[in-house]
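Consider the single chain below, provided in structure tokens and representing the form predicted alone.
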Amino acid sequence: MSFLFGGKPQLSSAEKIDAALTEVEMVSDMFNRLSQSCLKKCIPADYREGDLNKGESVCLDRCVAKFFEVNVKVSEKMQGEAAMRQGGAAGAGGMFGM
């Protein structure tokens, strides 16, 4: 009953597993998008060497840094907008809609 007094309701094992699976899928998707995007930008289609050269390495480093920077900014923006929507809805209704 802790959820009645502001605490979070406890998740069941199935809900925890579903949340973990969703998180793994999201991380896998982000990694795949990062890999595809930076590979296309930084690595030429015709491989000349077995190892990355200096330019390719620097390009990949910058690409990954920018990808994560944008990802953080978008996440912060979305969380801020969600908080504003929840704050606006909670402020308008009050407790039990009164």
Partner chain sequence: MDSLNPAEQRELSSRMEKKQMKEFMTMYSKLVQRCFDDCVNDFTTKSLISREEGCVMRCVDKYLKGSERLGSRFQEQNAAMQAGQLPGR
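All values derive from a computational prediction rather than experimental measurement. Numbering follows the first chain given and starts at 1.
The discussion below concerns the form predicted together with the partner chain, not included here.
Although the partner is absent here, Glu76 is not a contact residue: none of its heavy atoms lies within 4.5 angstroms of the partner chain in the model of the complex. Of the heavy atoms in Asp18, some are within 4.5 Å of the partner chain in the model of the complex.
Using a 4.5 Å cutoff between non-hydrogen atoms, Glu25 counts as a contact of the partner chain in the model of the complex. The shortest heavy atom separation between Ala82 and the partner chain in the model of the complex exceeds 4.5 Å. Residues of 59-80 placing a heavy atom within 4.5 Å of the partner chain in the model of the complex, in sequence order: Leu60, Asp61, Val64, Ala65, Phe68, Val72.
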